[in-house]
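Let's start with one chain on its own, the form predicted on its own, as structure tokens.
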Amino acid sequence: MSRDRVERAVFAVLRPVVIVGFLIATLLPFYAMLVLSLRPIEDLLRRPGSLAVDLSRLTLDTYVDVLRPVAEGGQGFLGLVGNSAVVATASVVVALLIAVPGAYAVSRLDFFGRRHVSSLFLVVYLFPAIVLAIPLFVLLTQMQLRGSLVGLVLVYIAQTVPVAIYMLKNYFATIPASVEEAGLVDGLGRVGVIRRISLPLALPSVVATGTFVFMIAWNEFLFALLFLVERRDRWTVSLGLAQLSGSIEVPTTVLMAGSVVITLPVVLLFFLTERLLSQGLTSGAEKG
């Protein structure tokens, strides 16, 4: 057998093995989390190591407990999901409103220091979050925004706008300048070119960037803990899950149900935007 045939035969065997291995490593934790969240605590205590599904014994009581308000004896996750949705959505909208014109300016307009702007935008990520936490804490306290969702949104915007501009800039650079010049010749202003030509063409990258910002705002823990710990009614889902995991009085089934509630919105968002997301993440990889 030739070397090429041997390599093809080896890859033909390894490819399904590797794919199945990755699927198991990826899906097994989610499967275990879902099964544990649906099992009664009595069944879990009798069979703690079993992941077998007995459909007759599955229950949604743990989800009712997780979503029920704290005043009614629940964990109050419904309110936490609402807070996180407000923070994440506001962060995405404002970050994109700033990043889209900023990225367009960096990729299309000539100004002093243009070549170094992208590097300067990413400098903020050279500093650990804990280094920025103290000055942000002092600043928001002086602005009387500590303990408010508005202050947390401002922190997330400051964190995500630089990388959003960097991601969008690469895509705007791949759009032919002749298309925009044709729009200018037809009487469009610079804002009209962005709104009617550049932005529709850059939609995959905008969706990918918005999803990235949403996931950061949805999952972030340190700044949420720092600025909202004193206001239980304004906690986000990451703080609620941390409280569940740190309490010995909370059953494992409730903890897993809380994990499912936190994970489900991000998974749904990914599947809804998967086509545009896959295009946006590879945007700017090639030119010409």
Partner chain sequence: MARTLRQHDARTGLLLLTPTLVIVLAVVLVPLAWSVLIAFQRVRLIDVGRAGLFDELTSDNFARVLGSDVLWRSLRTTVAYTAGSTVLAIALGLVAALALRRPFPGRSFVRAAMLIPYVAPVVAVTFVWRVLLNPEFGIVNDWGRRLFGWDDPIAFLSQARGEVTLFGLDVPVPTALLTVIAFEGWRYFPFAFLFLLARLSALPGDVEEAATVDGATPAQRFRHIVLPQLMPVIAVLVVLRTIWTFNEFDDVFLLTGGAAGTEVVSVRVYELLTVQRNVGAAAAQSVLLAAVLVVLLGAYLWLLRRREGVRS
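None of these values were measured; they are calculated from a predicted model. Positions refer to the first chain, counted from 1.
This next part talks about the form predicted together with its partner chain, which is not shown.
> Would its partner chain in the model of the complex be within 4.5 angstroms of a non-hydrogen atom of every residue among A90, V93 and V206?
No, the candidate spot makes no contact with its partner chain.
> Just to confirm the contact call: exactly one of 81 to 89, 195 to 203, 169 to 177, 94 to 102 touches its partner chain in the model of the complex at a 4.5 Å heavy atom cutoff, so which is it?
That would be 94 to 102.
> Please determine whether V267 contacts its partner chain in the model of the complex, using a 4.5 Å cut-off between heavy atoms.
Heavy-atom contact with its partner chain at 4.5 Å: present for V267.
> Taking 4.5 angstroms as the cut-off for heavy atoms, does L122 touch its partner chain in the model of the complex?
The answer is yes: L122 has a heavy atom within 4.5 Å of its partner chain.
> Spell out, yes or no, whether the shortest heavy atom distance between P69 and its partner chain in the model of the complex is within 4.5 Å.
Output for P69 is no: heavy atoms all beyond 4.5 Å of its partner chain.
> So in the model of the complex, does any heavy atom of V131 sit within 4.5 Å of its partner chain?
Judged by the heavy-atom cut-off of 4.5 Å, V131 is in contact with its partner chain in the model of the complex.
> Using a 4.5 Å cut-off on heavy atoms, which residues of 216 to 252 contact its partner chain in the model of the complex?
Result: W218, N219, F221, L222, L225, L226, S238, L241, A242, S245, T252.
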